[in-house]
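One chain comes next, on its own, written as C-alpha cells: the form predicted alone.
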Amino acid sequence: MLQQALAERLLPPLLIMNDRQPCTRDSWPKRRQELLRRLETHIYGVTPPAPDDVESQLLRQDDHDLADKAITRQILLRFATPRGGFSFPYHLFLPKSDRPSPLIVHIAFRPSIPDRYMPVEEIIDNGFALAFFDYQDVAPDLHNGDFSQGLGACYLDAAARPDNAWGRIGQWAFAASRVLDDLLTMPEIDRSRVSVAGHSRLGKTALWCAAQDERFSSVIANNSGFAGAALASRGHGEKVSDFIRCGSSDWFCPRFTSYLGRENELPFDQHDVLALIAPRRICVGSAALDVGADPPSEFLSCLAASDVYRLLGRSGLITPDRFPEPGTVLHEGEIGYHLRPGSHYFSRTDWLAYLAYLRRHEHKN
C-alpha cells in the first residue's frame, strides 16, 4: 500500500548518481554532495563559509532559575562577515546535573520565556538543556524581498541577488550553527547528543541546518510542510504560488519561484533533505488538520528517505503498511514520526513526543 502510494509520486531518485550509476554505501558521500548541490541550486541557495571565529559575551546569568532546577544564561554572539561584524543574542537553560546534558537548539519565533511554542520547564524536567534564539534577531521576516537588514545585508547585494543566493531559511540555519559553535565549547553540554528543532518555516530551517551541519546528531521538524519534510510532487498542501502570494518566497533562493505551477517537475524533492541527515536521527511531527503542511506527504517523505538509512545499515522509518491515524507514534527507527490530532501548532504533545523519541535513542551510536 505505502510503496504504491510512494511510486505514484514519481520522485527524483535518491540512490542514482548524477552519472546514472547506482549509489552504493561507498559512493554515498559523493552522492550526498550531489544532493546538497541540487538543493542549494534550486531551493535554499548557497550558504557562505562559516566564520573563522565566533565570540561570545555573557550578558546575564541566573543560577537559581525554574525553582532552582536550572542555570540560565543570555549570551551575545559576534562574528565577522564580508561587510563587517554581526551579532545576535541567544538564551541557554542548563539543568542542574553532575554530568553533561543532551541539548536542543530551538530556532524560535519569539524571545519570550516561556513561550507558547516552548515549554521550557518540561524540557528541563526531562533532562535536556535548551538553547534558543529569536529568528527575527538574525534576519527579519519582512515578506517583501528586502535584504537590507539583518544577516542577509552582510553577504548580499539586495538589488542583484543571483539565482542561487541564500534566502532567509539559509540565514536562520546559519545562525543555528553559530549558536552550536559556542555551545560546543561548554563542558555542561553532551556534544554527542545535540538536536536542532523548529516549527513551520523554522522546521524547514531546522532540516536544512542539520542537512548541512553534521555536528547535529538529530533534528526535530514540527509541521514543516512544503520545503520542509513534505514531498512537493503530486502533494495536496502548499504550492510555490502560496509563498509568492504571501510574500515569503524570499525564504528561498530566487530560482525557487521559477517552479511556479511546476511542482511536479521539480528536479529535487524533500526526501533529499531528509536523506542528507542520514544516518543521524530525524523526528517529524504532523498535525491531522494541518492541510497546508500535508501530513500524508510528510509521512511519505520519511518513508522515501529510509532507503538511504537502509543503505547505511540503519532502519529509517519503521511503520505498518498503512497511513497513520491521529495519535500514531512511530519511534522505533532512526526516522521517527508522529501524527497528532489538531491543527498547525507546536504543542506540548509534540514536545513530549520528541523528548521521548530522543530518550529512546540516546544510547545508540
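Quick note: we count residues from 1 along the sequence shown, nothing fancier. Since we're looking at a predicted model, the values are computed, not measured.
Below, we refer to the form predicted together with alpha-D-glucopyranuronic acid (GCU), which is not included among the displayed structures.
The listed set F174, W251, Y90, F216 contains one residue whose heavy atoms approach alpha-D-glucopyranuronic acid (GCU) in the predicted bound form to within 4.5 Å, identified as W251. Only one of the listed residues (F132, W166, F128, F109) places a non-hydrogen atom within 4.5 angstroms of alpha-D-glucopyranuronic acid (GCU) in the predicted bound form, and that residue is F109.
Only one segment in the set 235-243, 144-152, 275-283, 207-215 has any non-hydrogen atom within 4.5 angstroms of alpha-D-glucopyranuronic acid (GCU) in the predicted bound form, and it is 235-243.
Shown alone here, H344 lies within 4.5 Å of alpha-D-glucopyranuronic acid (GCU) in the predicted bound form, counting heavy atoms only.
alpha-D-glucopyranuronic acid (GCU) in the predicted bound form is not approached by S195, whose heavy atoms all lie more than 4.5 angstroms from it.
Interface membership of R178, defined by any non-hydrogen atom within 4.5 Å of alpha-D-glucopyranuronic acid (GCU) in the predicted bound form, is ruled out. Contact residues in stretch 198-216 (any heavy atom within 4.5 Å of alpha-D-glucopyranuronic acid (GCU), taken in the predicted bound form) are S200, R201, K204.
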